[in-house]
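The chain below stands alone, shown as structure tokens; this is the form predicted on its own.
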Amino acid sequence: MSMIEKSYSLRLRMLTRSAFLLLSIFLILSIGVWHYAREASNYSYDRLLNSASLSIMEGLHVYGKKVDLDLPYAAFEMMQLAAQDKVFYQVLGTQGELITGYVDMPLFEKLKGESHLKFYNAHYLSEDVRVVVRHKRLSEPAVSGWVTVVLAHTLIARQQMMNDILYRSFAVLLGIMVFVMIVLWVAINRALEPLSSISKTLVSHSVLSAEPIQSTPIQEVFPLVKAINDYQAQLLSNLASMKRFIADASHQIRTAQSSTQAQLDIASQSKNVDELPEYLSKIREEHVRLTRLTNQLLTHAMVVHRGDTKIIEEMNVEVIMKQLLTECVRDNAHRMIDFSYQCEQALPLVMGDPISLREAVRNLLENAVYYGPEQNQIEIFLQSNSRSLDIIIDDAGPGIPNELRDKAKARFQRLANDLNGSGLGLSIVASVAEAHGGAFFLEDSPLGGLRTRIHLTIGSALC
């Protein structure tokens, strides 16, 4: 069961999806900016921390057999970039003894060899701190070994720097997003203007007007305008065909009704009872003709409708032909007609409308019987190859002259006025063949009568 999608605004949908895309880009860029801000602040303040630890290390000297320190207060001054920031330090001698500073400073690990410098984060005295550990080897005659300087700095200043970079970057990104959304809003409105213009034109355009919608130089909108104009042209063409068909059908029905009414009037005014059977026979003929015309009109309408709605399915043409032949033989068992059927090879399944094809072939068989002699011969022959299928019906009737064959396929064209034909049978066959992407031919039959041939292209049915 088909579902009708809920109506929506194309403008709003495009803007919403663009906003989601921009938001995704904003989130990705925000992660990058946050990472950059953190690395930038760490890089800047780690350099200060490194310089301060180096200044303290340079203050170490050997006094007698001990290591002593002249603490350079300038090293702490350079760390006071934020008033709330705190600095902790610890200086250890060659035996690990405390020379000065805090006793319980958080040590990362003991550095050895060439690795004499290490930065890391720690938590000390209820503060998050950034710590640098620096080692230096003393090689004096009185003292030899590694001395250590541990310097810790709280994160207030570097957090402020990180936030400053982050907020400024966010402000720039948000500004860019707002600007892009404004540009998108303007661009989408400009892009949808042709649709609004076409809508206004269609509202003021008469359905029955033959004047096409003015073309547009916009390449993206041109196919839409062309499709509307093609649809309008097809609609007007179908409407004109329908008007002609209705006019012709009305004329044919009125003619049959008038003839029947005339025969009834003559019969009712006649005082000679012996003439009544003749009048009744004529009335019956007109009634049969009217009935056949009505049936053909309904069949024609059904075939056209099914062709327009493109009803297709797999159909076994051989089975259809055998069923129709069986019905035709049964209905005409009282006649001297020799029916035959020939199909030399297995036929592939063909995509098409089996009901329309059945009506088309039924009309051909009825015509072969109706217009043929009493002792007739009707042959059905199916012929196919990899690309096409031909349905051929031969009869031994009078045939149709070459110059009248195109006229015979037109609607309401009867070549034998003395019979009760409707003039629609062959036009129905032609419509069915055309709806299946094929063609309908009238040819000379080897039996001496008429050969009717429906040529179907396999794989292009109802295109």
Partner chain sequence: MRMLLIEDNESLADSIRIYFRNLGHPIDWIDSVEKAETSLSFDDFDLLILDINLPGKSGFQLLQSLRNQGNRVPVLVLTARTEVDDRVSSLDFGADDYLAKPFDFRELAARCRALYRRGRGGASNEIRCGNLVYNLASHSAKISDITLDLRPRELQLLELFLKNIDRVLNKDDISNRLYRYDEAYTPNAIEQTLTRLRKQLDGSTLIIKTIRGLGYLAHVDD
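Positions refer to the first chain, counted from 1. Everything numeric in this text was worked out from a predicted model, so none of it was measured.
If you look for the form predicted together with the partner chain, you will not find it shown, but the lines that follow are about it.
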query: Lys243 near the partner chain in the predicted bound form, any heavy atom under 4.5 Å?
result: no
### Message
Just checking whether Ser237 would be counted as a contact of the partner chain in the predicted bound form - the rule being heavy atoms within 4.5 angstroms.
### Response
no
Query raised in the report: Can any non-hydrogen atom of Tyr341 be found within 4.5 angstroms of the partner chain in the predicted bound form?
Result: yes
* Is there a heavy atom of Thr154 lying 4.5 Å or less from a heavy atom of the partner chain in the predicted bound form? -> no
Answer key: of Ile188, Leu382, Met302, Val369, within 4.5 Å of the partner chain in the predicted bound form (heavy atoms) is Met302
Of Val329, Ile99, Ile213, Leu125, the only residue with a heavy atom within 4.5 Å of the partner chain in the predicted bound form is Val329
Counting heavy atoms only and using a 4.5 Å cut-off, do Ile320, Val361 and Gln375 all touch the partner chain in the predicted bound form?
no
Among 195-203, 352-360, 129-137, 264-272, the stretch whose residues bring a heavy atom within 4.5 Å of the partner chain in the predicted bound form is 352-360
In sequence order, the residues of 284-302 that place a heavy atom within 4.5 Å of the partner chain in the predicted bound form are Arg284, Thr291, Asn295, Leu298, Met302
